[in-house]
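There is one chain below, alone, in structure tokens, taken in the form predicted alone.
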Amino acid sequence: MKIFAYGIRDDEKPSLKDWESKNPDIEVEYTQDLLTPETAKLAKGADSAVVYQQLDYTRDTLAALAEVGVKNLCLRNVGTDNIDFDAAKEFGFNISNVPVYSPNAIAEHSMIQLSRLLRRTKPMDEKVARHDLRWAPTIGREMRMQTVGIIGTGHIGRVAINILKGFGAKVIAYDKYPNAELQKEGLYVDSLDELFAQADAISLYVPGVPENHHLINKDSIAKMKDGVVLVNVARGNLMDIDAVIDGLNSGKISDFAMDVYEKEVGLFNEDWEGKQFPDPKIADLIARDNVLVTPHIAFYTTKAVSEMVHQSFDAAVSFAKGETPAIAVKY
């Protein structure tokens, strides 16, 4: 049996080596290149392909992979919104993802960023670096004094709620598919509008499916409290970034943390130091002392990376054996 992996990063290699040591009978080859119509031929002779990328899995890409006899596609991440499922179905692909690799990693990052915004650590750190050790005007706010709105109460959203409970914050939540335990606790509001009206801070944990596109927009921001704090570590397309920038400019949004961006492919996880930065909107946001920009790293912990590698390669083996792994995507 042979598995071919695309887009293997240096930080994934220790986990891959560990998986190989536990599966010595499986031949593994990999490349740092992403899966494209041009690189699909590298997987020729493999039983399954393991992948991770923000780049779309287009019809041409899937056709090229099927042409070399590979129809088992195992994602090392959770998001499947960049897959052409019509083409995948036509070519007979088996697909898996890693829906739960470390909810804690993403939830922790979102709450750390929210805490940093409330305590104004970015401007304070910049002052200290200049040896300006005065307190004012960088006074902070306490988490326990905030009403925090959680949109999406899946695995990640529920971890975020538990973290907020530890801080003593008041939590309200909205989800089209409520969690029974949270319902018993009475955390849900009946509508997004109700959440917008009540929350001092809002954090998103929903998928980037079409119905959620630009969930945060000019109209929804207008319904929020003045001085609202926004956090998005979920999907870039959940936010109309122009509307968010307008909200920051007007003061409607007091602070903003983003780990994802609608146009992040080709921008994030690249070194732009000493080069012309290609996105003036993100450059503007980075420069603001009330905005925290991170380049899609909420997931980026040793535990999460290990789970992403191990679960995806295990699924690749299952598919190759004619089995259906528990993490197979039903479509």
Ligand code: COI
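Numbers for residues come from their place in the sequence shown, where the first is 1. Everything numeric here is computed off the predicted structure, so don't read it as measured data.
Separately, the form predicted together with 2-OXO-4-methylpentanoic acid exists; it is not shown, and the next lines address it.
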item	value
Non-hydrogen atom contact L16 with 2-OXO-4-methylpentanoic acid in the predicted complex at 4.5 angstroms	no
Residue contact check: H296 to 2-OXO-4-methylpentanoic acid in the predicted complex, 4.5 Å heavy atom	yes
4.5 Å heavy atom contact, N77 and 2-OXO-4-methylpentanoic acid in the predicted complex	yes
Partner contact for Y52 in the predicted complex: 2-OXO-4-methylpentanoic acid, 4.5 angstroms, heavy atom	yes
Triple contact flag Y101, R235 and M308 to 2-OXO-4-methylpentanoic acid in the predicted complex, non-hydrogen atom at 4.5 angstroms	yes
Candidate stretches 193-201, 78-86, 133-141, 220-228 - the one whose heavy atoms come within 4.5 Å of 2-OXO-4-methylpentanoic acid in the predicted complex	78-86
Stretch 166-198 - residues with a heavy atom within 4.5 Å of 2-OXO-4-methylpentanoic acid in the predicted complex	none
